[in-house]
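As a starting point, one isolated chain is supplied in structure tokens, in the form predicted on its own.
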Amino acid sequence: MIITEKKDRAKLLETVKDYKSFFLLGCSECATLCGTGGEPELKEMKELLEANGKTVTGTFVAKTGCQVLGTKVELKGHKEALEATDCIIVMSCGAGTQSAVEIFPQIAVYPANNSAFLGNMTRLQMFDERCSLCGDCILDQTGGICPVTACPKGILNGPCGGTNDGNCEISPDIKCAWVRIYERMGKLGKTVEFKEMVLEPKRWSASIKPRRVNAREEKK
């Protein structure tokens, strides 16, 4: 899921100070789980804007904000509110913001959140980054633990000389990714494979931006 964090509200108000009316758009998936774009957050934003003399023409939590066509269909029921607004504030990730830009090219659109990383939710509103979206996955070789992300240095063949009692030299709160991989491979009975493993240089060209995937063509 895309982990988002709220932008500084004072700065956001300064950014949109020239607009008078607003429509608030959230997301029922990632942003809701992050506590940045669900019903409570939209209500909080509405109250903040109204307290600063602004008008909120409507609010809506989209099923999946980054799905352009789906969100466009969902918002048809809010046509009047959207026609009456000067500005849309999107309370989801950057992809959700850009969906709104595509759907409403004639209306100003601003994000209420910062998109932080792709992460896993370990507890309610507690998230860990576990994937760097590098486009060339090596989890099949490393016991399902990604050294590109879990190692602050992104070392492909570790551990480095900074490992201290199984922890990373960057912080004692970070367990060395390669110690984790070694322990994981041991539990799987693949210690020999681990000792013989030498990963090839990373194919960073797979993450050159912007990327596109057409799953329909792949099915042909």
Partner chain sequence: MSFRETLESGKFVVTAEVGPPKGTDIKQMTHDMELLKGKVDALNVTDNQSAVMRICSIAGCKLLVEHGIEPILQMTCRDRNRIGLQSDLLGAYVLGIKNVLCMTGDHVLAGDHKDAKPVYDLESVQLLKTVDGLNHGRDLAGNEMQGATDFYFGAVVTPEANPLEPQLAKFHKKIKAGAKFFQTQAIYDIEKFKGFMQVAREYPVKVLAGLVILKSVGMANFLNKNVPGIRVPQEFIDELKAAGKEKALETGMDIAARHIRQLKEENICDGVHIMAIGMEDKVPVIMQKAGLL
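These figures come from a predicted structure and were not determined experimentally. Positions refer to the first chain, counted from 1.
Heads up, the form predicted together with the partner chain isn't pictured, but that's what we're talking about next.
Per the 4.5 Å heavy atom criterion, the partner chain in the predicted complex is contacted by stretch 157 to 165, the sole one of 31 to 39, 157 to 165, 58 to 66, 44 to 52. Under a 4.5 angstroms non-hydrogen atom cutoff, the partner chain in the predicted complex has residue 199 among its neighbouring residues. The partner chain in the predicted complex is not approached by residue 190, whose heavy atoms all lie more than 4.5 angstroms from it. With a 4.5 Å cutoff on heavy atoms, residue 153 counts as touching the partner chain in the predicted complex.
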